[in-house]
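The data below hold one chain only, encoded as structure tokens and taken in the form predicted on its own.
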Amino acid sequence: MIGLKSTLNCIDNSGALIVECVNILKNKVTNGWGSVGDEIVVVVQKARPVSAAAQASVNAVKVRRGDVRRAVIVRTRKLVRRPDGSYIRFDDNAAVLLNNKREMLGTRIGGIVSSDLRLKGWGKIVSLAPRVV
């Protein structure tokens, strides 16, 4: 359950390391709490440093500190109940940054993601992840 001011690790290669949730973009059914697969608006709190040489290259960092972006939640510390009755909980909260077309900003995923993403329409993220639980 991700709420306002929650911090999440960014597990893609967009350049962001830590992001902070400022809005949950979904129906107001859960009173402003986001779960795995929900789209949120985040502010980049910590980003990878950029050197002058790397800034001119093709693989330039796509985000900077203070940027406001959309993201999708891929892991939460809160227990999530699955349809088969099992529960799953991760060690941290994590997200993947998106552009305005709801496409991934990065090209790689650097960690485990929840398989619930496939059911919510985020198959591209699941296919790029090294491990799905």
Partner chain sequence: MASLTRKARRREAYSMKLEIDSFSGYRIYPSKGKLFVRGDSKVFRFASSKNASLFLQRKNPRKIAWTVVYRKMHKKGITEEVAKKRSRKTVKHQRGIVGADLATIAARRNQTAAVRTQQRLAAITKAKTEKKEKEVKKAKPQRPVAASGPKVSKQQMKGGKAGR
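Numbering follows the first chain given and starts at 1. Please read all numbers here as calculations on a predicted model, not as lab measurements.
Omitted from view is the form predicted together with the partner chain, to which the following refers.
Of the candidate stretches 31-39, 62-70, 101-109, 86-94, only 86-94 has residues with heavy atoms within 4.5 Å of the partner chain in the predicted complex. Interface membership of Arg131, defined by any non-hydrogen atom within 4.5 Å of the partner chain in the predicted complex, is confirmed. The partner chain is not drawn, but in the predicted complex it has no heavy atom within 4.5 Å of Val50.
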